[in-house]
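One chain comes next, on its own, written as structure tokens: the form predicted on its own.
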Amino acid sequence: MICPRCDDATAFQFFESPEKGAWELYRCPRCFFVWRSTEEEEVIRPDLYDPDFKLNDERIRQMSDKPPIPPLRRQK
């Protein structure tokens, strides 16, 4: 499966609806994008995904945690 956000070929189905065949959830291990099979075509098809929101290696490298994770407190 190809991730619509970063075009990585390692995306996979990781959850299925309680009602068999109603929807599935997919996840990309590269960019962490998650989508449902019932989303609009512009969300689930890589060729229709908005290019302004596409990710490549450079953009992924520049990403940071939001919000930033604060340093651990020292034990007293």
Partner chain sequence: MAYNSLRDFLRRLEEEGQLLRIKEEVSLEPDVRTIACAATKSATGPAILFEKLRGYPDKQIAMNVHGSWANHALSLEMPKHTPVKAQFFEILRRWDRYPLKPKRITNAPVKQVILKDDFSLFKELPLFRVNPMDGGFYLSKACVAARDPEDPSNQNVGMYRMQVKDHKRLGIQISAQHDLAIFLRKAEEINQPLRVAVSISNDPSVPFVAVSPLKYNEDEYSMMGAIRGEALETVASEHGDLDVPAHAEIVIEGAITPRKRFIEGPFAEYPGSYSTSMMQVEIEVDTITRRRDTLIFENLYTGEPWTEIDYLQGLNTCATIYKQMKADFAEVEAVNAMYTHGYCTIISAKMRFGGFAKTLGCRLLSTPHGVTYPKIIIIVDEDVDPFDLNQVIWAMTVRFRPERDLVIIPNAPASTLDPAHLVRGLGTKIIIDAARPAYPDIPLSDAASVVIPTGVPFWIEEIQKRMAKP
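Whichever C-alpha set is largest while still superposing within 1.5 Å between the two forms counts as the rigid core. Residue numbers count along the first chain shown, from 1. As the structure is a prediction and not an experimental result, all values here were calculated from the model.
Just so it is clear, the following notes concern the form predicted in complex with the partner chain, a form of the same protein that is not shown.
At a distance threshold of 4.5 angstroms between non-hydrogen atoms, residue 22 is in contact with the partner chain in the predicted bound form.
Although the partner is absent here, residue 65 sits close enough that one of its heavy atoms falls within 4.5 Å of the partner chain in the predicted bound form. When the partner chain is considered in the predicted bound form, residue 47 lies well away from it, no heavy atom lying within 4.5 Å. In the predicted bound form, at least one heavy atom of residue 40 sits within 4.5 Å of a heavy atom of the partner chain.
Along 9 to 33, a non-hydrogen atom within 4.5 Å of the partner chain in the predicted bound form is carried by 14, 15, 17, 18, 19, 22, 23, 25, 27, 30, 31, 32, 33, in order along the sequence. Superposed on the core, the two forms differ at residue 64: its CA moves 2 Å or more between the shown form and the other one.
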